[in-house]
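Single chain ahead, by itself, as structure tokens, in the form predicted alone.
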């Protein structure tokens, strides 16, 4: 029986690819950037100088100083502290959207690819969702409800599900005709066990790559929504909110836009580099050429 059918095949493959991961420049650089941003988000109470939501009209638009390393914004809030705490919102939203989209998309994709009578119905629904631009759908969903982190996560997850479903479905359509799946069916293995133990492990590699892109896309779109005023509430520290509030004073105080933009760019760059490295390492054709 094919080694992919073994429950321990995925960890074994991961261990085999570990040296390649650690030697790939994109994985190393991207992993370092992502790890640094995650650690910054986790240690925000220690790294932040003051409460990022504290309003002090007397400190309005102050230049950088020992008390406020990157100065203060229109409401007297510390720019540095808000940027550090903003990492929490972005990382949380990116991870939640990627996790939710993968869990729902994998479940639907496995069922759709394995049962042909379900395929025609479900895929037409997925095609309809993919026909709507992600940004417009997210704006519409957020606008209909109260702005919050949960609302933004739901609004960004829905457009990503069809992409996961189509990926998993394409893998299942190929794998379900393999000899090890037919052997499992011939010995009376139940359908859920076939899907989970024999077919699901074959989707791990492409899903790891897709998950990184979904996470980066969610962080970027959330910043865009907050920039337009349809994302997170203004009182929640967010890189998009900071860029939106600082654009009015960009010529006078460009630091209001520079720091959150830098953190946003580094985070998305790190996640994309990590995804590119994973793709190059896990794809046998690319790995062979390298």
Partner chain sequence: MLSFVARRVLGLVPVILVVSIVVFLLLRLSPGDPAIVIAGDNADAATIERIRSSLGLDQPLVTQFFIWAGSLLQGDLGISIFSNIPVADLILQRLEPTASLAVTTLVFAILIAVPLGTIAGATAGSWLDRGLMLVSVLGFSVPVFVLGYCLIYVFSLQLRILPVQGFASISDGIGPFLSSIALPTVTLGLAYLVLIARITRASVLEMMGEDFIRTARAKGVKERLVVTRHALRNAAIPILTVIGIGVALLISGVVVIETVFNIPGVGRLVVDAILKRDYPVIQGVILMFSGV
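As the structure is a prediction and not an experimental result, all values here were calculated from the model. Positions refer to the first chain, counted from 1.
Another form exists, predicted together with the partner chain; not displayed. Remarks below refer to it.
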query: Segment that reaches the partner chain in the model of the complex - one of 99 to 107, 183 to 191, 120 to 128, 149 to 157, heavy atoms within 4.5 Å; finding: 120 to 128
query: Contact residue in the model of the complex, from 257, 236, 28, 38 (heavy atom within 4.5 Å of the partner chain); finding: 257
query: In the model of the complex, residue 179 touching the partner chain (heavy atom, 4.5 Å); finding: no
query: Touches the partner chain in the model of the complex: residue 265 (any heavy atom, 4.5 Å); finding: yes
query: Contact flag, residue 220 vs the partner chain in the model of the complex, heavy atom cut 4.5 Å; finding: yes
query: Exercise: residue 174 in contact with the partner chain in the model of the complex, heavy atom 4.5 Å; finding: no
query: Residues of stretch 234 to 264 in contact with the partner chain in the model of the complex (4.5 Å, non-hydrogen atom); finding: 243, 247, 250, 251, 254, 257, 258, 261, 264
